[in-house]
Structures are given as structure tokens and as C-alpha cells.
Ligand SMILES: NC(=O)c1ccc[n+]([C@@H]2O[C@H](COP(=O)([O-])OP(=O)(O)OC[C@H]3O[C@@H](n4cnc5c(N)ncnc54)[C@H](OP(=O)(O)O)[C@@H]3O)[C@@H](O)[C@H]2O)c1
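So this first bit is one chain, no partners, the form predicted on its own, shown in C-alpha cells.
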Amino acid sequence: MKAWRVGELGEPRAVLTLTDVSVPEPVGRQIVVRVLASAANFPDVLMCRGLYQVRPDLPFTPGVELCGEVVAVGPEVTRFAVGDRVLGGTSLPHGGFAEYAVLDEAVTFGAPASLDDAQAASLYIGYQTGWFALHRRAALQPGETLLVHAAAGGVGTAAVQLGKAAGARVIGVVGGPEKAAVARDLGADVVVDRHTEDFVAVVKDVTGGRGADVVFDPVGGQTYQRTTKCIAFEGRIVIIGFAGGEIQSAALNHALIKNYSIVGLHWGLYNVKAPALVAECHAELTALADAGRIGPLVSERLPLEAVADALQRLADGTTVGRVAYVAGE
């Protein structure tokens, strides 16, 4: 089979090689799938660079989430059978940027029939991250104001849709007019182009000075620091990641004085600590998808040969929405 492999660490375009490898065989609770689609994620970029918390041995195939058709199951698998259409997180080193990949049964779920392959491949990480951030960590309520940074990115687009589905007023912050159009199409009530506008001033203006009740921040750095200037009384800032490249320090005296909360989200930890909640989350996301209330925005559907270039563009911050490798494209 064809698979992209990382043989040394560095920028995706420089270290990814498309090569022929053997189709993996499942053991234990593993599931081998024919990849129908695999969405690009920032952790794929970080793993190519050797900067992610998960550091698979070299060589490995990236692609941390996918939608696939089951072709073989390990002897301990009980919930899935050959022919099932599934989605979930891959078991490295056999990631999704290949013709066949491996999943672990514990993080494998039925793919909603209401979503096409590329959308289903984009549901697992981004939407579960958004759901746990907004509902478990921030307890977002109908009528509250939600501020979403990087609102045209992978997890940001999910947060915008999930915020609207929860009945919140959503303010999306993006970089550039093309990304602003995406955020509006997703349903954001207010869109701020950070290249030409100050999101702090906009948030204060549209909330009558109150500020945002919940902030979804996958950027960090100065974006976080600025966010503390427009957080509401009893507001909640959810730390998703540090895509901006700078891990900020929190001024706890400021949180005390303004009475707001800073909460972290390590979504992957729920798979270890609370797998029942992950299953509940997937059931709710499936229901929302089937009702047409959410649907991953896949801006590019690409052939396997285009993966390295697409992942580099994601690393460079020039992609919009989700980019996915789709079999047969």
C-alpha cells in the first residue's frame, strides 16, 4: 500500500515521503481500515517536527483522525465488524495518511450517515475538543457570549457551530477577509478580522462593556493576554492550545481581581479518565449532525499525493476550515 512516512524530523514538506509499505495486521483490540478520508490536524505538524507530546518512533505515518471502512479486526474486538464505516483516532505508527490505517477499538465510533467521508473524518478531534471545552469545562449557557479565536481553523470552526447549537451569541476572531467569510457562513454573529480590528474593543462594544462569558482560545500568547482585557465577570477562558507558538504565563492576581476562571482542556485525557463521557459526546455530536445543526467545513478534498503540501500549508497557517485526504480524489 501507499503511505506517507516521516523518517526524520522537520517541516512536513521536507520530511514526508510517499512510499510502499505492507498493510498492517491487527492485534488485540486493533481495527484495520481502508482509509476513506483523513483530515489534517495541527498535531500532525507538531509530530513531524518532534514537538508534540506524542512522539512515535521513526519512521511513522501521521494522520491522527480518519473515516474508514473496517477490513480486519483483532481477536479482542467486540463492537465492530468487517464492512463497518467508522471514524476515530489512529494508532500510530499506522496513521491515516495512507491507503490503510489502524484504529484502537476504544477510540473508534460509528461514522454518522449524515456526513460524507471527509466530514466524518473531521468530526472526531475538532468537535469533541469543542464539545468538552464548551460544555464540560466552560458550562456554556444559552444566551451567553462566546468568543472564539482562530474561528476559521480546524477546532475554531467546530467551536463556532457548537456555540450556536448551544444557543450562544458567537464572536469569531479570524485573520483576513477570506477567513472572515468562512466564520460568517458558519453562523458567527459577529466576526472580527484581527488584521484590521481590535477584538477587545469589538467585544466590549457588542456586549455593552460586559465582555465575553466564555473564551475558546487555541492560540495562546498575546492573544490570551489581550483576551483577559475583555472577559466578563465570572467569565471562563478555556485554554485549548498554543498555535501562536508562545506559551503565556497567567497573571493570577488579574483573575482574582476580575473574578474570572482559567481552565485547561486536555481532551485526549478523557479517553483515559472518562471514556463513557467520550461515548456520550460522540452520541450528542451524531445527533447534532443528523439534525443538520453541525457539519465540518471541509474546504479542500485532496488525493493522497497532495498530503505533504497540504500539511505544510496547515503548518504555515494558510489553510481555511478543514483539509482532508479523500480516497479516490
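Only a predicted model underlies this, so the values are computations on that prediction, with no experimental measurement involved. Note that residue numbering follows the sequence shown and begins at 1.
The protein also exists as the form predicted together with this ligand; that form is not presented, and the subsequent description refers to it.
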Worksheet item: Is there a heavy atom of Arg194 lying 4.5 Å or less from a heavy atom of this ligand in the predicted complex?
Response: yes
Discussion item. In the predicted complex, does Thr129 come within 4.5 Å of this ligand, counting heavy atoms only?
Written reply: yes
Discussion item. Please determine whether Asn41 contacts this ligand in the predicted complex, using a 4.5 Å cut-off between heavy atoms.
Written reply: yes
Discussion item. Test of understanding: in the predicted complex, would Val174 fall inside 4.5 Å of this ligand by heavy atoms?
Written reply: yes
Worksheet item: Okay, which stretch from 135-143, 161-169, 249-257, 175-183 lines this ligand in the predicted complex, with non-hydrogen atoms inside 4.5 Å?
Response: 175-183
Worksheet item: Among the candidate residues Gly235, Gly88, Pro218, Gly95, which is the single one with a non-hydrogen atom no more than 4.5 Å from this ligand in the predicted complex?
Response: Pro218
Practice prompt. Work out which of Val203, Ala150, Ala188, Val214 lies within 4.5 Å of this ligand in the predicted complex, going by heavy atoms.
Written response: Ala150
Worksheet entry | Partner contacts for 154-169, taking this ligand in the predicted complex and a 4.5 Å heavy atom cut-off | Gly154, Val155
